[in-house]
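In structure tokens, the next block holds one chain alone, the form predicted alone.
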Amino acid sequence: MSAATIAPFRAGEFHLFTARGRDFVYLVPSGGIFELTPAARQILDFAQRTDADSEDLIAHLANVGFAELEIEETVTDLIDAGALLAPGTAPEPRIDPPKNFPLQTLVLNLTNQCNLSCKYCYEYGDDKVATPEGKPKFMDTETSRAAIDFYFAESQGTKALHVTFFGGETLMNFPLLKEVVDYATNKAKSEGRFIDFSLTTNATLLTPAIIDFLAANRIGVTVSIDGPPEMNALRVYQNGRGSYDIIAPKIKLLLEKHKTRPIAARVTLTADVTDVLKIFRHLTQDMGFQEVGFAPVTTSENRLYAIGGSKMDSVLEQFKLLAQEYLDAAVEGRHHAFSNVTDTLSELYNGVNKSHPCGAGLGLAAVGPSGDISPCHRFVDSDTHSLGHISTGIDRAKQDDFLHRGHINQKYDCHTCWARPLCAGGCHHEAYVRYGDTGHPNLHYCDWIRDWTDTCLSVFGAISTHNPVFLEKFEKR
């Protein structure tokens, strides 16, 4: 075989990884994941090391024992997949979402009040962006119905709708929550659409009657809790009293009575709350949560509760241990509660390639008690980040500015990162708190994100070869 039989090529954008002894490639432009033959792995290794021409490639592969036909066919397959690029081939341009992209999710902040005074609260703590002065503390019926009407109008063409209730503490305005569920459900039925609901709560106000309502209406519940009492120490009342002993029996009742949806725990990691394994065991084995997700606190780096680099390294190592447990369970077809893995596997399975870090200001919007529209719940009641009002609709100029600055194309530090399809530069709110710009990439997490994404890719690859049926649950229907 002559070099002329193989078209010249150069390396495309890809990330090589292994999973239980097998070789895989993650294709950055497309989000595709493929298992590699030994020849394909050798070719991609060679392509990454040098710009050598076809003769060098043929000689290299022949020296390690590959047949000519296999070499030629493998190179062709890799070019077709985009792992190798023919000369003059330009990367595929990222397709922007269409203008006036329909809303998929509405976050209703029923109140900007909370009965706890958590030390790290992003909404009312040292790093708050909210400016609630002079605005209603509780959403009223008229505003809530106008918000639902706004949502339905902005989601035309979308059959499946989702409303999530937020606060402050959501259940401080539970009577309105009931009204919204009734109003939105009837409206969806009249339009031939489906709607479901979820909420986040600190669990302090749960009662048997509230739990019965949540279960009867299949409302998803996420409880903010940071683990056992000693790790829940920043979640306190205004008088400094801890909340764990108050919420523990209420959570037990919630888990006993609410069986229509999985109940999740949401953990905020801080400087003194980094024992991920202990927290996970407590929340799953002792308390019974079906899903547990972790996120580092969003805060300026100089806060006492901010997590330093060494502690984030420890968090990552513990994440990896839980990821291995997740893999073992998935191979056996068992559920595992570590939702950080679940969320990433879902994105990998569906080939997600993000233009923006999340749906904030795009497929998702939040409405505060005053009727102000925000990109997401973290910007509710912030005049600086308002995108309009439900009485007048979304201010398209403000929305376009927010989305333009948050687009991956504007984040030049991200352009050579293989993990950008899933990260897209990181959380807008984190960017604003750390850098003063919602469009700034979260550079302080880059290495961490790449390492964690590689871990999840390995989990995905192993499941795909040992129990591929497990991944079908991530199919978007």
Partner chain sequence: MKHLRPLNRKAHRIDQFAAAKQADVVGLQEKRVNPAKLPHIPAGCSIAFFPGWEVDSSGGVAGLCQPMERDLYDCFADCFWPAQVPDHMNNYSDWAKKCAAATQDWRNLDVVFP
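Numbering follows the first chain given and starts at 1. What you see is a predicted model; the values in this text were computed from it and never measured.
There is also a form predicted together with the partner chain; it is not shown, and the following applies to it.
Novice: Indicate whether residue 133 is a 4.5 Å heavy atom neighbour of the partner chain in the predicted complex.
Specialist: Contact check for residue 133: no, nothing within 4.5 Å of the partner chain in the predicted complex.
Novice: Check whether residue 464 has any heavy atom within 4.5 Å of a heavy atom of the partner chain in the predicted complex, and answer yes or no.
Specialist: Result yes; residue 464 sits at the interface with the partner chain in the predicted complex.
Novice: Does any part of residue 409 reach within 4.5 Å of the partner chain in the predicted complex? Heavy atoms only, please.
Specialist: The answer is no: residue 409 has no heavy atom within 4.5 Å of the partner chain.
Novice: Looking in the predicted complex, any heavy atom of residue 350 within 4.5 Å of the partner chain?
Specialist: Yes, residue 350 is a contact residue.
Novice: Which residue, 45, 70, 56, 451, is the contact with the partner chain in the predicted complex, using a 4.5 Å heavy atom cutoff?
Specialist: After the contact test, the surviving option is 70.
Novice: Only one of 129, 315, 81, 331 comes within 4.5 Å of the partner chain in the predicted complex by heavy atoms, so just point that one out.
Specialist: Among 129, 315, 81, 331, a heavy atom within 4.5 Å of the partner chain in the predicted complex occurs only for 81.
Novice: What I'd like checked is whether 27, 460 and 475 together line the partner chain in the predicted complex, meaning each has a non-hydrogen atom within 4.5 Å of it.
Specialist: Yes: each residue has a heavy atom within 4.5 Å of the partner.
Novice: Using a 4.5 Å heavy atom cut-off, which of 214-222, 367-375, 341-349, 197-205 contacts the partner chain in the predicted complex?
Specialist: One stretch meets the cut-off, namely 341-349.
Novice: What residues of 22-49, in sequence order, lie within 4.5 Å of the partner chain in the predicted complex by heavy atom?
Specialist: Contacting residues: 24, 27, 30, 31, 32, 33, 34, 35, 36, 37, 40.
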